[in-house]
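So this first bit is one chain, no partners, the form predicted on its own, shown in C-alpha cells.
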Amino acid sequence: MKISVVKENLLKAVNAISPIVPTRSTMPALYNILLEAEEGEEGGLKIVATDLDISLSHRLKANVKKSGAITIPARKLGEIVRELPNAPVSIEQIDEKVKIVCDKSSFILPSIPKSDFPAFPEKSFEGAFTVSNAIMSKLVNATSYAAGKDDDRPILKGILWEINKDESSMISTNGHRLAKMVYKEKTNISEPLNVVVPPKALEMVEKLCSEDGSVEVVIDGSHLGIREKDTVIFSRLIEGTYPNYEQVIPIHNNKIAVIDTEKFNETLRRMLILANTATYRVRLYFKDNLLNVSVKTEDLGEGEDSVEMEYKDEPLEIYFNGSYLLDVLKYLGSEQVKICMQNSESGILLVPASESEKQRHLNVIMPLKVTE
C-alpha cells in the first residue's frame, strides 16, 4: 500500500474515529485502525475502527499509488498527524511496518495484518429512514452530557431515542440529572421506534458527516446503522428497559427565575474554583431579583458572588452540583435560562426562556442534601 493524502482531511478522520478505539482490550488489533487503499475513480483511503460494540468506516480522497490494506496503532497515528506540518502526508507499507512521511518528517510504525482485524458488519440499509444531520447533532448535543457513567446501570449509559412520524426525541439521565430534547420533523417510519444507543455512536455523525445533509438510519435487531455517503456507523444497541423518565420531570414547580445564561455561567465558574471536586457543591439563594451564588469548602476556602435575575417569589435556598448546572448552560442554546422550582428538596426544571415551535429542550437537576 502506498498513498498520499491531505493532512487536514486525515487529521479530521483520525480525531473523529479515536473515541471508538478502546483504552483496554484483550485483542491487540482493536488498538489499531485499518487503512485500506483502493485505486480507481471510486477509490481512495478507507479508515475503519471498532471496539466490537461500535464499528465505523470513513472514506476520504487520496492519491493511491498502490492499493493494499494494513492496520496501525490509532493513538500514535493521531499524535503524529497532529504535529505534522501542513503538507501532503505519504503512507507506505514496507514489509510488516508502515512508513509515514510529511515534508522533512519521517516515522515508522509497527503494523498488524488486515486478517487479524475484525470484519466490518455486513448490514442492509433497506427500509432505512432519514434524519437531518443538523437535527441529529442538535438532539445529541442537548442530551448526551447527562448520560450515566456507572457500569452497574449500563442502560443509563445510553441515550434513549424515541422516533415517531412527526418528531424525534432524545433523553439521557444518570439518576441525578436528566436532559431531553424534542424536535418536530416528519420521518418516513411506519411504526414508532424506541432504542437506547451509546452516545459515542451518535456523536460520530457531527464529527464526520456533512452539516447540511441527511443520514440514513436503520434498526436491525440489536444493531443501529447510520450512513451518509462515505461514512458508515454500526452500533450495538444497549439492551434493557429504560426507566420511566417522565415521572421525575417536575410539573408543579411554581417559583420561576429567569437569568442571563452567560452571566450565570460566569458566576458559577468563578465559584467552582473553590468547590469540592467530589461534589462541586454550590449554594444558590434566590431573593428579590438577585441570585446569590456561594461556595464554602473546608481546606479550600469560600467565595460569594451574585447575578441579577427576574424573581418575584419568596426567598429560596438550594444546593446543587455546580458542574451539572454548567453543562446545562453550555448546551441550552438560549440567551436566558428559565429555572422552575418548588422547594429546597425538589428537583428543578431548567428550560430556554424562549424557544422555536419546532423544538423543546428541558433539563432536570436534583438538589444536594445538606447535612451540616
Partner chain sequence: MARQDVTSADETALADSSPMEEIVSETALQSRRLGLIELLDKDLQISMLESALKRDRLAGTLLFFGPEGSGKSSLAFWLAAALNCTTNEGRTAPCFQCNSCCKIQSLNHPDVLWIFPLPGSFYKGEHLDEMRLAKIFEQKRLEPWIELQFAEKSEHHLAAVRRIRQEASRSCYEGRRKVFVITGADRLRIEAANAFLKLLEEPRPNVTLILCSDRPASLLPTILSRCQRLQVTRPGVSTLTGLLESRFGIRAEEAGELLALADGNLAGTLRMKSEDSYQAQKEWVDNTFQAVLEPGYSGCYALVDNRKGPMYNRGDFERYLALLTQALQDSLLIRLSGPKGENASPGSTPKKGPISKYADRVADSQALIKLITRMVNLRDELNRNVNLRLLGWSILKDMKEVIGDGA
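Positions refer to the first chain, counted from 1. Since this is a predicted model, take the numbers as computed values, not measurements. Here the rigid core means the biggest group of C-alpha atoms that line up within 1.5 Å when the two forms are laid on top of each other.
Absent from the display: the form predicted in complex with the partner chain. The rest refers to it.
ask   = Which single stretch, out of 184-192, 146-154, 91-99, 204-212, brings residue heavy atoms within 4.5 Å of the partner chain in the predicted complex?
value = In the other structure, the partner sits against 146-154.
message = Quick check on Tyr31: any heavy atom within 4.5 Å of the partner chain in the predicted complex?
response = Yes, Tyr31 sits close enough to the partner chain in the predicted complex that at least one of its heavy atoms falls within 4.5 Å.
message = Contact with the partner chain in the predicted complex for Ile251, defined as at least one heavy atom pair within 4.5 Å: yes or no?
response = Close contact is absent here: in the predicted complex, Ile251 is far from the partner chain, nothing within 4.5 Å, heavy atoms only.
task = Indicate whether the partner chain has at least one heavy atom within 4.5 Å of a heavy atom of Gly225 in the predicted complex.
result = Flag for Gly225 set to no.
ask   = Applying a 4.5 Å heavy atom distance criterion, does Ala134 contact the partner chain in the predicted complex?
value = No - in the predicted complex, heavy atoms of Ala134 and the partner chain never come within 4.5 Å of each other.
request  = Select from the listed residues Asn289, Ser105, Ser115, Thr277 the one whose heavy atoms reach within 4.5 Å of the partner chain in the predicted complex.
outcome  = Selected option: Ser115.
request  = Quick one: from Gly175, Gly301, Gly127, Gly240, grab the residue that has a heavy atom within 4.5 Å of the partner chain in the predicted complex.
outcome  = Selected residue: Gly240.
inquiry  = With the partner left out here, which residues of 50-89 have a non-hydrogen atom within 4.5 Å of the partner chain in the predicted complex?
reply    = Heavy-atom contacts to the partner chain in the predicted complex: Thr50, Leu52, Asp53, Ser55.
query = After the core is matched up, is the C-alpha of Ile112 off by 2 Å or more between the shown form and the other one?
reply = Shift of 2 Å or more: yes.
ask   = Aligning on the rigid core, do we see the C-alpha of Pro250 shift 2 angstroms or more between the shown form and the other one?
value = No; that C-alpha moves by less than 2 Å between the shown form and the other one.
request  = State yes or no: after fitting on the rigid core, is the Cα displacement of Ile339 between the shown form and the other one at least 2 Å?
outcome  = It does not, since the Ile339 C-alpha is displaced less than 2 Å between the shown form and the other one after the core fit.
message = Pro154 and Thr23: their C-alpha distance differs by 3 angstroms or more in the predicted complex. Do they come closer or move farther apart compared with the shown form?
response = Between the C-alphas of Thr23 and Pro154, the gap widens in the predicted complex (3 Å or more compared with this form).
message = Distance change of 3 Å or more between the C-alpha atoms of Thr143 and Arg75 in the predicted complex: closer or farther compared with this structure?
response = So the answer is farther.
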